[in-house]
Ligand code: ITT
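Take a look at this single chain in structure tokens; it is the form predicted alone.
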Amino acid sequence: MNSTVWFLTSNQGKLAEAAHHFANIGMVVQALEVPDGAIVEPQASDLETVAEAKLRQALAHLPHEGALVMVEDAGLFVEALDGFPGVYSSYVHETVGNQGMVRLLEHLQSDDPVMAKRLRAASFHAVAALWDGERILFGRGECKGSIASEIQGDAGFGYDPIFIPADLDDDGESLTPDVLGVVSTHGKTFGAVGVELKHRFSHRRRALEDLMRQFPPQGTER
């Protein structure tokens, strides 16, 4: 079996997280470098299609035949906006920023904090796609929560300062807004908590763990 997974990313945080997971099965992860403009962002309505399109483009830049390659795509899906920004999350964040997203939802207010969270419900979704030399495997992860009424904190990146994750139960599953879980940010956004706590909720971690359950295929030698 190949001992290296080539990861199409320039994000060192993503690279380190993937390396941690693959190390558990004796594999290393390295960044796949491609020329500027070599990977074209597809126009699609779902993360799986975007990830697969990028993955197939990346195959032309592998260091050798039969190499393993992975891509990861994620997005913020807001229920009141019919899932927007979704696959366009990066572009929207670059265009209007976190303050723009807060303004889009400022009409959704309630004096009841539970109802406020339900009105502003959102979730992060991540898809990790891996070419194992024969087929594409998909790992999926989700983090449920809500959009804050104002920016909180400056840690993390992207939409972290406006996303409040739902509490988690003993099994790490998201709870409804009216239930206090065993893991909680107590109403704080990802931008206002530490990395270790944020990792407990991570949609990217969940996607990688889902991928690990599929790879390498049991009983298969490569």
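All residue numbers refer to positions in the sequence shown, first residue = 1. No experiment lies behind these values; they were computed from the predicted model shown. Whichever C-alpha set is largest while still superposing within 1.5 Å between the two forms counts as the rigid core.
As for the form predicted in complex with the named molecule, it is not shown, yet the points below apply to it.
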is_contact(residue 149, the named molecule) in the predicted bound form, heavy atom dist at most 4.5 Å
no
Against the named molecule in the predicted bound form, would residue 90 count as a contact residue? Criterion: heavy atoms within 4.5 Å.
yes
According to a 4.5 angstroms non-hydrogen atom cut-off, is residue 41 in contact with the named molecule in the predicted bound form?
yes
Should residue 214 be classed as touching the named molecule in the predicted bound form when contacts are defined as heavy atoms within 4.5 Å?
no
Since exactly one of 74, 137, 80, 102 fits, which has a heavy atom within 4.5 Å of the named molecule in the predicted bound form?
74
Options 170-178, 152-160, 23-31, 59-67; stretch whose heavy atom lies within 4.5 Å of the named molecule in the predicted bound form
152-160
Heavy atom contacts to the named molecule in the predicted bound form at 4.5 Å, residues of 190-208 in sequence order:
198, 203, 204
Does residue 17 move its CA by 2 angstroms or more between the shown form and the other one when the core is aligned?
yes
